[in-house]
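Taking the form predicted on its own, here's one chain by itself in structure tokens.
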């Protein structure tokens, strides 16, 4: 087995440190065997030939990947047929890159970048600073060797600089707003470098490492929680007033099938008012998390299709200069993080056999319109 690529960092030399605890999204690293045993979605695949989504859209159509998935020819064929942009699902985050001893590894990020480059697919960087990831190499940093701020800067510089000229944008700050929308999150980065200052600093360092790409803030539940959407917009305003080179906005768009009609449109329009580029960055629509008012699973699947169509329609209505990309968080249902949480879910456009579902047809129709 090829050893991971390890790049010396300012954190190196502190001694071996235990790996940080697994986060919610570490489920994403589950063995590929999980995808093989996941059941096929209840909803019937849509009949008839399908057009490649990327050929219908005037903007990039993205999806997320894990490096291991790229060994599956059926998966890569489906991905390259329909998608023009990829996001690393978790392997360009600190949880993978920062090793316990403070060195960096880039083997899997490099593999995904090479895959994208070889096929003419855009690579989107995700994510530099996330409240949920605080590697022990940072927590136990020996300030006599390098200050916390210097280590923070050098990490961002190393990652963004490595993919300069390849990545078409970066999620610089991920999920900064509390779930209830009452305030910003409190975590290691805010405690050590300041609630707003750590974000402003990250944007400036990322911009210095690659001045030519859009830099994003990114968050979720904006369409289902008005308080969180309001707080998110206030945060954007604060960052812009502070001089952060924030040039684009991410709206994750993880939805449940019972989301009220119009909520997605209102959210996308609210974020577009800043005049910055907008990225629907992680869309999926859960069936099992939807409320109990549906009579059948088929009704949930129909509601799922309507939500996908609404999101695409609202995004397509934005000025072309603001349409960064529309990303669906996975290719086939079994690879979805939601299916790893509940095997009966079916949140994506394709089932486990790569067949298009009603949700795909809804997206196809919305793009044609």
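These numbers come from a predicted model, not from an experiment. Residue numbers count along the first chain shown, from 1.
A second form of this protein, the form predicted together with a small molecule, is not displayed here; the remarks below concern that form.
For the small molecule, considered in the model of the complex: do all three of 101, 134 and 189 come within 4.5 Å of it, counting heavy atoms only?
Zero of three within 4.5 Å in the model of the complex.
Heavy atoms, 4.5 Å, the small molecule in the model of the complex: which of 203-211, 174-182, 157-165, 294-302 makes the cut? Say which one.
Stretch with heavy atoms near the partner: 174-182.
With the small molecule left out of view, which of 90, 152, 232, 83 would have a heavy atom within 4.5 Å of it in the model of the complex?
Only one listed residue qualifies here, and that residue is 90.
Tell me, which of 277, 286, 252, 267 has a heavy atom within 4.5 angstroms of the small molecule in the model of the complex?
Of 277, 286, 252, 267, the residue with a heavy atom within 4.5 Å of the small molecule in the model of the complex is 252.
Is residue 323 close to the small molecule in the model of the complex, meaning a heavy atom pair under 4.5 Å apart or at it?
Because no heavy atom of residue 323 falls inside 4.5 Å of the small molecule in the model of the complex, the answer is no.
Is there any non-hydrogen atom of residue 329 lying within 4.5 Å of the small molecule in the model of the complex?
Yes.
Could you confirm whether residue 130 comes within 4.5 Å of the small molecule in the model of the complex, counting heavy atoms only?
Although the small molecule is absent here, residue 130 would touch it in the model of the complex, with heavy atoms inside 4.5 Å.
Please determine whether residue 313 contacts the small molecule in the model of the complex, using a 4.5 Å cut-off between heavy atoms.
No, no contact at 4.5 Å.
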